[in-house]
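Take a look at this one chain, the form predicted alone, written out in structure tokens.
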């Protein structure tokens, strides 16, 4: 994965708006490891293959942490703490946020095709 280039990500967001898309949104701050360390707060979110259509999208932040917001007809989706993107996925927008140890904390993925 590459560090986020906000101008490139904004272009990808613009290319995908106004169409039905599948979303994968995931957040964990150690919920999977909380059983080994009781001091960790076991919080996580997971949404996969929900269909969305956004009418406006944008990336904000100054790095290394960015936020992507997607405005839909009846609400918003946003993801914060994003640090990297995957360039090999031409038809999907793959974004992730990693902590200082390189562990995945947050993922936002948008695709015209369902995720496996």
Partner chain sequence: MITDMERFDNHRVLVVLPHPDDESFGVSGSLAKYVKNGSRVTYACLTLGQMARNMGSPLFANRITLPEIRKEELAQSCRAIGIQDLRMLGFHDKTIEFEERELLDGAISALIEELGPTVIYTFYPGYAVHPDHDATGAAVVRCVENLPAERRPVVRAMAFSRGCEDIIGPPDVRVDVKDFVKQKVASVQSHKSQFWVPELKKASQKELEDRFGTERFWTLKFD
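Residue numbers count along the first chain shown, from 1. Quick caveat, the model's predicted, so the values are computed rather than measured.
Absent from the display: the form predicted in complex with the partner chain. The rest refers to it.
- Shown here without its partner, the chain carries 65, 84 and 103, none of which come within 4.5 Å of the partner chain in the model of the complex through any heavy atom.
- The closest non-hydrogen atom of residue 46 lies beyond 4.5 Å of the partner chain in the model of the complex.
- When contacts are judged by a 4.5 Å heavy atom cut-off, residue 88 does not count as touching the partner chain in the model of the complex.
- The closest non-hydrogen atom of residue 71 lies within 4.5 Å of the partner chain in the model of the complex.
- Proximity of residue 27 to the partner chain in the model of the complex falls outside the 4.5 Å heavy atom cutoff.
- Looking at 70 to 99, the residues that come within 4.5 Å of the partner chain in the model of the complex, counting any heavy atom, are 71, 76, 78, 80.
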